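The chain below stands alone, shown as C-alpha cells; this is the form predicted on its own.
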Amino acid sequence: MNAPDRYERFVVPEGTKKVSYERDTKIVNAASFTVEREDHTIGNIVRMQLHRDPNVLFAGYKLPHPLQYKIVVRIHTTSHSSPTQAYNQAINDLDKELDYLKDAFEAEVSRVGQANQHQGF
C-alpha cells in the first residue's frame, strides 16, 4: 500500500518547527502561521478563539492538502495588536480554558465516584 505511515500525521520531523510565522507583505498587520502535524480540530478551535478577540479583523485556517499534515492559520489585526500577539493570546486563553475544563471534569468524576462508593456500587 502506498499510504504514508500513520506516525507521520503526528510526529514532527526532527529539525522542523512546530509553528512557523510568515508576515504578509501586502497587508499591514497580517500574517500566516503554519502549524505542523495538526488538522481541522486545532485549526477550528484556534480560529474560533481568535474571533473572540476584538482586535482581530480576520482569522481563518486551511489545510493545504489532505496528505500534508499541517494547517495554515491566517490572522489580520487592527493597529492596536499584532498577529503574533493575537495568536499567542488565543493559545494562552485556550490553555486556561482547557485546564479549567479538565479540572471540572476530574472534580465531577471524583464526586460521582464517591457518591457511588457510598451507595455500594
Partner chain sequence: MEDTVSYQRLPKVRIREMRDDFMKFELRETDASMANALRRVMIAEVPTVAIDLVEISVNSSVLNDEFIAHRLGLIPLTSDNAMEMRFSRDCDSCDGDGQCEYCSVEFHLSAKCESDQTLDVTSADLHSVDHRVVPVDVQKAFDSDGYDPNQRGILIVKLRRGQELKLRAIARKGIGKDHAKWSPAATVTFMYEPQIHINEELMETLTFEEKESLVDSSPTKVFSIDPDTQQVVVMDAEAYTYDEEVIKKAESMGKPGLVEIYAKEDSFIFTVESTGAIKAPQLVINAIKVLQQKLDAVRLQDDNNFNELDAHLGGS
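Note that the structure is a prediction, hence the values are computed from the model and not measured. Positions refer to the first chain, counted from 1.
Just so it is clear, the following notes concern the form predicted in complex with the partner chain, a form of the same protein that is not shown.
Novice: For this chain shown on its own, do 52, 89 and 116 all sit within 4.5 Å of the partner chain in the predicted bound form, going by heavy atoms?
Specialist: Contact check passed for all of 52, 89 and 116.
Novice: State yes or no: in the predicted bound form, is some non-hydrogen atom of residue 96 no more than 4.5 angstroms from a non-hydrogen atom of the partner chain?
Specialist: Yes, residue 96 sits close enough to the partner chain in the predicted bound form that at least one of its heavy atoms falls within 4.5 Å.
Novice: Would you please decide whether residue 68 lies within 4.5 angstroms of the partner chain in the predicted bound form, comparing each non-hydrogen atom pair?
Specialist: Output for residue 68 is no: heavy atoms all beyond 4.5 Å of the partner chain.
Novice: Might residue 59 be said to contact the partner chain in the predicted bound form, defining contact as any heavy atom within 4.5 Å?
Specialist: Heavy-atom contact with the partner chain at 4.5 Å: absent for residue 59.
Novice: Would residue 48 count as a contact of the partner chain in the predicted bound form, using a 4.5 angstroms cut-off between non-hydrogen atoms?
Specialist: Looking in the predicted bound form, residue contacts with the partner chain include residue 48, since a heavy atom lies within 4.5 Å.
Novice: Between 75 to 107 and the partner chain in the predicted bound form, list the residues on our side with a heavy atom within 4.5 Å.
Specialist: In sequence order, 79, 80, 81, 82, 83, 84, 85, 87, 88, 89, 91, 92, 93, 94, 95, 96, 97, 98, 99, 100, 101, 102, 104, 105, 106 come within 4.5 Å of the partner.
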